[in-house]
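Below you'll find only one chain, the form predicted on its own, shown as structure tokens.
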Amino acid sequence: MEVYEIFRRSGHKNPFEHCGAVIAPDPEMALLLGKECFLRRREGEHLWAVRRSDIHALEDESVLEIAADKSYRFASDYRDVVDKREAARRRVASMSWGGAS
């Protein structure tokens, strides 16, 4: 007996989504059990069964860390830009006048 992860799709153009897992002796039985458990109220039209042992994950998740800061690509990182610019100008102005005295 093996564990199978079950994925369903509600429409032809919709993506598959994980809906649960079943324990079955083979893929055909996993599909049948998946249908009985996760499609009994017509929640989807298509079904996948994937053997859990065939799913691979990264051992070293540090590979997923972002190598460079690219936050400038997102509009949310430009909030309060005017306030930040004015604060920076005040700091620069206070440093240049403070050194001349």
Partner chain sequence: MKEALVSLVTALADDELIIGHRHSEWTGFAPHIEEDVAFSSIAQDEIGHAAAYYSLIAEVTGTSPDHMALGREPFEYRNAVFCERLNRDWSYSLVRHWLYDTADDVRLAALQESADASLAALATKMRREERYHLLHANAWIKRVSEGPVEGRTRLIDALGMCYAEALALFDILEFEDSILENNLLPCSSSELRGRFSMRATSELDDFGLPADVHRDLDDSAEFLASSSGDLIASEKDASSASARPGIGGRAGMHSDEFKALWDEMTSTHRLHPEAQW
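Predicted model only: the values in this text are computed from it and were never measured. Positions refer to the first chain, counted from 1.
Beyond the structure shown, there is the form predicted together with its partner chain, which is absent from this document and is the topic of what follows.
- Using a 4.5 angstroms limit between non-hydrogen atoms, residue 54 is distant from its partner chain in the model of the complex.
- The shortest heavy atom separation between residue 23 and its partner chain in the model of the complex is within 4.5 Å.
- Not displayed here, its partner chain is kept clear of residue 95 by more than 4.5 Å at the level of heavy atoms in the model of the complex.
- Though the partner is left out of this view, residue 43 does not reach within 4.5 Å of its partner chain in the model of the complex, counting heavy atoms only.
- The candidate site formed by 28, 32 and 36 is fully in contact with its partner chain in the model of the complex, as each residue has a non-hydrogen atom within 4.5 angstroms of it.
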